[in-house]
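A single chain, nothing else alongside it, follows as structure tokens in the form predicted on its own.
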Amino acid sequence: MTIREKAALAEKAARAAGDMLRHCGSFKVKRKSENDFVTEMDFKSESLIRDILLGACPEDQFFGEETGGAAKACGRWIVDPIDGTANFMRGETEYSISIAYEHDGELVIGCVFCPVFDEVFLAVRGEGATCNGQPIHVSGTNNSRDALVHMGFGHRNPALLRRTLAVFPALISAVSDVRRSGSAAYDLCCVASGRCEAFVERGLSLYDYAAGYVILTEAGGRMTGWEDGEDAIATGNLIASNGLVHGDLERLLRG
């Protein structure tokens, strides 16, 4: 199966899971840790996605938020079955399904589906990014004073929360405004489509941002870490932007 065919398969799996989530009715909820929850629908979504992807590509490996899987492989699907579980379980709109494909260590496919909005963000390395089939690109805003920034606070980790709150006054004073959606995958797609100029958060996991990273960079955006020379893909400490306000954000967040 070609990479383009696998991208179409990712969209098929994401839409199938999204349709299930939209019509699921009541469900059980468990606490994973402080401020972190999982529902039975997270597991059902992941199982459905795995069955579709590996049913068509049995040679590939699978790594999901809820059930784990292969740490490395020649071909690996990286899946967050519900990114924004806290939103989903409370009936909030901003949750998404995130599916990435990694080939020989490189992230080459990103698919993020927002069921409530019926939006599929899709990108293949070297081919650009789309939303529902239409090309998308980051915004042309080049002044950080005019930038809208999405962010997370790393609130499940006290040390990360303190670090984020320490820079928040400088950040909110330097940009136009700040938003928190609760779904990193959706946030990255907002940057990619020009709805905002940046997204920043520390302590994310690979399944949170793998798909969004491909979509962002294919839409002309940029992603680096919070520390100088840090590999954001390896650490999950993300400064993601349209590229034009990136330097200002790095200076603010790195202090």
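Just so you know, these numbers come straight off a predicted model, no measurement behind them. Throughout, we count residues from 1 along the sequence that is shown.
Not pictured, yet referred to below: the form predicted in complex with a small molecule.
Enquirer: Pick from 141-149, 180-188, 119-127, 167-175: which stretch has non-hydrogen atoms within 4.5 Å of the small molecule in the predicted complex?
Expert: The contacting stretch here is 180-188.
Enquirer: Considering only heavy atoms, tell me if Ile82 and the small molecule come within 4.5 Å of each other in the predicted complex.
Expert: Yes, Ile82 sits close enough to the small molecule in the predicted complex that at least one of its heavy atoms falls within 4.5 Å.
Enquirer: Is Met41 near the small molecule? Define near as a heavy atom within 4.5 Å, in the predicted complex.
Expert: Close contact is absent here: in the predicted complex, Met41 is far from the small molecule, nothing within 4.5 Å, heavy atoms only.
Enquirer: Answer with yes or no whether His103 is in contact with the small molecule in the predicted complex, where contact means some heavy atom within 4.5 Å.
Expert: Looking in the predicted complex, residue contacts with the small molecule do not include His103, since no heavy atom lies within 4.5 Å.
Enquirer: Looking in the predicted complex, any heavy atom of Glu218 within 4.5 Å of the small molecule?
Expert: Heavy-atom contact with the small molecule at 4.5 Å: absent for Glu218.
Enquirer: Answer yes or no: in the predicted complex, does the small molecule come within 4.5 Å of a heavy atom in every one of Glu201, Leu204 and Asp208?
Expert: Yes: Glu201, Leu204 and Asp208 each sit within 4.5 Å of the small molecule in the predicted complex.
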